[in-house]
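Take a look at this single chain, the form predicted on its own, given in structure tokens.
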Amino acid sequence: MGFLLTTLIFVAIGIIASICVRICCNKGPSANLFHLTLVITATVCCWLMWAIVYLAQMNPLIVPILSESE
């Protein structure tokens, strides 16, 4: 549930940012495409970083070793 919900939040943020870029930075078709590409790339990269960190916590590679002396 947490993974799907946060993924939908990232999608919503990406859509809102894309709409803001289209409204605020309207300088022609080429510039609009470039700005939209930057927003989508930034959103996907942020989501991918979050997803890797989130999924890495589910199955950690390093297991804590308890010492017998304590």
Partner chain sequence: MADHGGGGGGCCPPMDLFRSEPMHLVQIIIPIESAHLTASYLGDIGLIQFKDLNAEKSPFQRTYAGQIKRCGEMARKLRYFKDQMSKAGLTPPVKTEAKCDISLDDLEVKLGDLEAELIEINANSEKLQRGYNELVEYKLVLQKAGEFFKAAHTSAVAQHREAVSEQAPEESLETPLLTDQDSKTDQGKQVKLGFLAGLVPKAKAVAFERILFRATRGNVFLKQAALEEAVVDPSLGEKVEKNVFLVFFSGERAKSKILKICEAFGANRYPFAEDLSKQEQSITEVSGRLSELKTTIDAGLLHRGNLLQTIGEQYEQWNLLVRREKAIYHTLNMLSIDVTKKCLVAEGWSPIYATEEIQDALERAAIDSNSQVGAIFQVLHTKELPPTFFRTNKFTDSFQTIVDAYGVAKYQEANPGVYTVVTFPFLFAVMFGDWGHGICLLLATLFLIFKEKKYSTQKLGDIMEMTFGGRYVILLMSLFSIYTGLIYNEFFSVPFELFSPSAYACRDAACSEATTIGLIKVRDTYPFGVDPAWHGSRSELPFLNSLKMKMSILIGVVQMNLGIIMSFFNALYFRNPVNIWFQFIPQMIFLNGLFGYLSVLIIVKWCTGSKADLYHVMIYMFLSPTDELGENQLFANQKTVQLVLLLLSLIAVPWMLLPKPFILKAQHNRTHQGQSYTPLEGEDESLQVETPHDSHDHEEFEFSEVFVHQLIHTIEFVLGAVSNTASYLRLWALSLAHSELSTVFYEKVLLLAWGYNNIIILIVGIIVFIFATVGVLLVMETLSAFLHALRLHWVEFQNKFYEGDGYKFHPFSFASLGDEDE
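Please read these numbers as outputs of a predicted model, since none were measured by experiment. Residue numbers count along the first chain shown, from 1.
What follows is about the form predicted together with its partner chain, which we do not show.
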| item | value |
| --- | --- |
| Interface membership of Ala12, its partner chain in the model of the complex, 4.5 Å heavy atom rule | no |
| Any non-hydrogen atom of Ile52 within 4.5 angstroms of its partner chain in the model of the complex | yes |
| Asn26, heavy atom within 4.5 angstroms of its partner chain in the model of the complex | no |
| 4.5 Å heavy atom contact, Cys20 to its partner chain in the model of the complex | no |
| Any residue of 18-44 that, in the model of the complex, places a heavy atom within 4.5 Å of its partner chain | Ser30, Ala31, Leu33, Phe34, Thr37, Leu38, Thr41, Ala42 |
